Every structure is written in structure tokens, then in C-alpha cells.
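Have a look below at one chain only, the form predicted alone, in C-alpha cells format.
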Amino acid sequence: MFKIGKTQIANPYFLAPMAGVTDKPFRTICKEMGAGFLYSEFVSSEGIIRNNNKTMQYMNFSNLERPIGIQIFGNNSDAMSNSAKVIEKRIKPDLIDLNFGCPVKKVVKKGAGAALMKNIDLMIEIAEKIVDAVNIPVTAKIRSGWNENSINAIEVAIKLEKVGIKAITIHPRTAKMKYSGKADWSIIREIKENVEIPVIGNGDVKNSNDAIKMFSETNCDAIMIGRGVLGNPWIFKELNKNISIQDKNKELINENFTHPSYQEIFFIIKKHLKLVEDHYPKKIAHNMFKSHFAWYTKGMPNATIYRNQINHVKSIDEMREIIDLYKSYLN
């Protein structure tokens, strides 16, 4: 167990904030699988201060999900600090995380997310104002830089620590790389060597051996899982089974974690679907689950046939029928 500020965290495996993915139903599944820390989908600071209903719903969570962080993005220091005050007062998460790393076009074109890796002065102004505005811990997620000619993550991390940021998550790809190429874990190590606050590594961890390598090569305090959890919430069970925070530098695992059977996978698919059904209005619930079904069934026999059917249904009930048909086929 370790701490971010005063927030105690049972294990060093974090669920990354992902738009359209890390909603309450999926967070619930990941928590049950052993995720040590959860994040909301990233939310707009402007939407928060306007009290936009959809934005506010993104931040709803239950106490069973704790510890949990709300991640916000924006490019205006006043809007960001005011939204942080609203979050602390109304939502009461365990921490607030600042999104300085999203490379998605609709975010960066507004000067937010990873675009702030090009505007360090504004980034630090935002971070400092938010730290001063709230009493809960404030953390930040960054990229290695804007492009290969402007790798500045170490400089950024040092400055963020100085203004009171309590932990840094680093995805060591540039904004221009988005999710292509290979993450440069050496940048995680260099940041860890230059700051005293916890450093959370992110990028290219898909199993226990990847996690062991990251811990060993970077000495990071925790690992954030993003794409590696899509269709595979069992990764948290695998990580907790094979690595503890005390033995994170042990040798690579010779015996791989036993991947869940089709029966186990379909049990979670149907459980996840029910959580989605209970969480969203009926008209949109089935649409919210289509991507998850594709991720869960990746690599399964004849999955394309059933995915195509799922993509054309109009209701949860129809979706459930197709899932049952596919389960029967695999049995």
C-alpha cells in the first residue's frame, strides 16, 4: 500500500481515464477484478462550470469505486480552478487529475490536453491555481512532449512537483505519435530520478511480464493500464496474482496467467451489459456496449458474424439474445 497525498492505495495498478470507456459500469467491473485506483472519463472544465448535465453524469460514482479520481481538461486556468472547486464540493472524489496528455484532435485544437506540452507556462499556471483552489490531492498526466523535437517531460514534471502536484502519470509517447510506435520507458525512469512524488508509468503494458519489465526498467511507483484493459479487465486480477508492490522487481514470470474461459468471459459480458442497462437510458444503453462486445470477443471463433449482428440491433434485449446465441455456439 502507498499514498498519493493522504489517499491510501491498496495496489499499484490503475485504470486509465478513457473517454467513452471508463464509465461507471466498466469501472465497477475493473474494481471487482482488482484495480487499485480508478479514474472517470476525462471531463471538460467548461462543461462543469456550466453545470452541463451530461458532463456532470460522467463524474457520478459509488463509494465502492473508491479510491477514485476525476480527470479534467481545459485551457483556461480560471475555468479549470473553478471546475476543481465544484468537483471537490459536489462530487467529493479522492483526487483531481489534470489531463495534459490527451492527443485527440478535438482536444488539442482547443489548446487543451497534450497541446499544453507546447505551452508549459500556461500548464503550470493551471496546475498551481488548482492546487491552491482545493484541499484534495491534485495529480497530472503528461506526454513525453509535443513531438520528437520537443521532448520536455522531465522539465515539466519537475515544475509540476514544485507547484504542489502530488503524483505524475507519464505516457512516454509524444502527442504527435498518439498511440503508434513504442513507448520510451526511459523517460519514465528519468522522471522518477528527478522528482520525489509518486510516478505512474503508462504505455505498452498488456500483461504481467510487461508490468515487471516496466517496474524493473523505470522504478515507477505504479502502472496505469489503458488499451491493455479493453476487453480484458482480468488484467488486474493477473497483475495482483503475479506481482505485489513488494516484489515488483522479481524475475519474469515463466507460467502465464490462465486466461478466462469462454464461460467466464460471457459471464462478465452479461454482467457488464446489465450494469450498462441499469446506468443509461434505454435508448442509448445498447449503443454504449457495442465497442465493449467487440473488445471482449476479439480473437474468438467467428466473432465477426456476431459483432455485425450486435452492431445492428436496436435494443438491449436483442443484444442479449445474440450474446446468448454466440455463447451457445462456442459451447
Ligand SMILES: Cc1cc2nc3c(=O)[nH]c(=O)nc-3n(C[C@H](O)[C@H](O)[C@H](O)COP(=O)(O)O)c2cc1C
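This structure is a prediction, so every number in the text was calculated from the model and none was measured. Residue indices: 1-based, along the sequence shown.
Missing here is the form predicted together with the named molecule; even so, the following discussion is about that form.
Proximity of residue 260 to the named molecule in the predicted bound form: non-hydrogen atoms within 4.5 Å are absent; the residue sits far from the partner. Using a 4.5 angstroms limit between non-hydrogen atoms, residue 139 is distant from the named molecule in the predicted bound form. Among residues of the shown chain, residue 226 is one whose heavy atoms approach the named molecule to within 4.5 Å in the predicted bound form. With a 4.5 Å cutoff on heavy atoms, residue 99 counts as touching the named molecule in the predicted bound form.
Comment: the named molecule is not present in this chain, but in the predicted bound form one of 221, 94, 204, 238 has a heavy atom within 4.5 Å of it, namely 204. Here is the short version: of 316, 10, 322, 18, the single residue with a heavy atom within 4.5 Å of the named molecule in the predicted bound form is 18. Candidate site formed by 232, 280 and 292: none of these residues places a non-hydrogen atom within 4.5 angstroms of the named molecule in the predicted bound form.
In summary, the region of this chain contacting the named molecule in the predicted bound form, judged by heavy atoms within 4.5 Å and restricted to 196-204, 82-90, 118-126, 156-164, corresponds to 196-204.
Residues of 30-68 that come within 4.5 Å of the named molecule in the predicted bound form, judged by any heavy atom, are 41, 42 in sequence order.
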